[in-house]
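Next comes just one chain, in structure tokens: the form predicted alone.
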Amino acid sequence: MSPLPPVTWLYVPGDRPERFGKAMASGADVVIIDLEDAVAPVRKDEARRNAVAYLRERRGGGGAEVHVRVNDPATDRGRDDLAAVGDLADAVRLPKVESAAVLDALTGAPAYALLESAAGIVAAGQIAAHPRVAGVALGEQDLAAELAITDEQAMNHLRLQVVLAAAAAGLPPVPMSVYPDVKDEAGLLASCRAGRALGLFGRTAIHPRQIPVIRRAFRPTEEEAARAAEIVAAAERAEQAGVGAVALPDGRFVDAPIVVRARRTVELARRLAGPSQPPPETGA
């Protein structure tokens, strides 16, 4: 079974190096040093230098993965960013990817392609299938602005297209875009749960206070975890007995994909278990 993908991704502005350590201590699975939208044009060179210095200092230091969102890779600034951090970061995040061609010249760290335009959505399948791409995500605010979308169902249609493209290419599930209101925890929780129902998994955050909410939203419920543990226990009994079919105590049979999903649910419940929610037992 492949490892679980990250649940929480935290952006930190590249021109605020005093926040890098705090971001690493936030509990996020991935910290993203942002050289693009969060940084004013006059400070972008400074932000790049900060990122390079930090990445060189932390090499081999463990902890959360550190990704860098570079500037548009089709621009000179974006190419300079990639040259500077491409061999230092755990991964690079490429904004405004609109075709697979822009990925051909990439070297170094794995790349996450951000689809932020109509052209990017139309080419999502080709972009996701590119061998240099480790994952894809949506840039929803830019996309909504370009298409003048105000309806959530219309945005869900675009989200599902990217979910399908990622799955068809064998990529990890697509994480959700940022929720801009850092004080609206109830809204964030509801939004995450709606995205989870669409097949999205995990979310990028712009403030550490959003991380516990995101973890709670993507944590399996007690009922889901118990049901998954029951399936895993039945699969283990079948394996021990040398039986191919997996039968549940209520007489229902489940096939291999359901067992794989159940194992992932059990592992996710363990990983995100809160103090009041112990991980489920899976023994026979």
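Because the structure is a prediction, the values reported are computed rather than measured. The numbering used is simple: start at 1 and walk along the sequence shown.
A second form of this protein, the form predicted in complex with a small molecule, is not displayed here; the remarks below concern that form.
Mapping the unseen interface onto this chain, R48 falls outside it, with no heavy atom inside 4.5 Å of the small molecule in the predicted complex. Residue contact with the small molecule in the predicted complex: W9 places no heavy atom within 4.5 Å of it. Of the heavy atoms in S99, none are within 4.5 Å of the small molecule in the predicted complex.
When the small molecule is considered in the predicted complex, H157 lies well away from it, no heavy atom lying within 4.5 Å. Proximity to the small molecule in the predicted complex, defined as a heavy atom within 4.5 Å, holds among G125, G139, P172, G78 only for G139. Residue V178 is the only one of L106, V163, V178, A84 with a heavy atom lying within 4.5 Å of the small molecule in the predicted complex. Against the small molecule in the predicted complex, the set P5, R264 and R271 makes no contact: no member has a heavy atom within 4.5 Å. Heavy atoms within 4.5 Å of the small molecule in the predicted complex map, among the stretches 32-40, 214-222, 48-56, 227-235, onto 32-40 alone.
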